[in-house]
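Encoded as structure tokens, the following chain is the form predicted on its own, with no partner shown.
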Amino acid sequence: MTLNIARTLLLMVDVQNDFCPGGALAVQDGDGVIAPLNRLAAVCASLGGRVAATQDWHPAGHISFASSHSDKKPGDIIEQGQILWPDHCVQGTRGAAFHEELNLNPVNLIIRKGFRPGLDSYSAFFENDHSTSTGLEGGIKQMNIETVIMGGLATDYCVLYSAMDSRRLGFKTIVVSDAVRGVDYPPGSVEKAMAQMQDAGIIFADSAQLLKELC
């Protein structure tokens, strides 16, 4: 694996309090992604690479909240395949904030997504209509990025959709295997997501391997 650090972006996906232990939509061991992402971010920044972070940023009453629909509960599915979740990452709340242990000092770009009341967003690149851009693609093309390395939460949703879009847009895409954790809802979704990404040509590498490549 050969990486041109000047054309490499580390993308830290939704490392927010609500997705970490104790949060409204906690991913098991979700805060386990922080240490490897911090190490990679520090090295990327020191060598001339770029770092971006995404942030779920929902208004109250968002379409993805089960509480926004009568007689619905988390896990139910409504029109267009929208899965309903507990209220999470509501704009301006502690749950929407980045985890306090995530080092944001190296971050060049923060993308907020899912802020439209009637449209959810899993991918860092597009809202869930697959056409409304978050602005990330344009931002990193201006940085002349060729390779996107990503980790964060959760493997089977926002990481999956972000990685698939990154690959589809023509970026060499690497998922940091020890810096992702999954919801696994419905059961088996993490395994399915991993297979889908591998079939698409997305590379998996652990942070130690990537640090060797970067250094």
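From 1 onward, residues are counted along the sequence shown. These numbers come from a predicted model, not from an experiment.
From this point on, the text means the form predicted in complex with a small molecule, which you will not see here.
A.B. asks: Does at least one non-hydrogen atom of residue 18 fall within 4.5 angstroms of the small molecule in the model of the complex?
C.D. replies: No, no contact at 4.5 Å.
A.B. asks: Can you work out whether residue 158 and the small molecule are in contact in the model of the complex, taking contact to mean some heavy atom pair no more than 4.5 Å apart?
C.D. replies: Contact with the small molecule, yes.
A.B. asks: Considering non-hydrogen atoms and a 4.5 Å limit, does the small molecule approach residue 85 in the model of the complex?
C.D. replies: So residue 85 counts as contacting the small molecule.
A.B. asks: Residue-level question: is residue 180 within 4.5 Å of the small molecule in the model of the complex, judged on heavy atoms?
C.D. replies: Flag for residue 180 set to no.
A.B. asks: Out of 142-150, 167-175, 50-58, 31-39, where are the residues with a heavy atom within 4.5 Å of the small molecule in the model of the complex?
C.D. replies: Residues of 50-58 come within 4.5 Å of the partner.
A.B. asks: Between the options 25, 194, 202, 205, which residue brings a heavy atom to within 4.5 Å of the small molecule in the model of the complex?
C.D. replies: Partner contact (heavy atom, 4.5 Å) among the options: 25.
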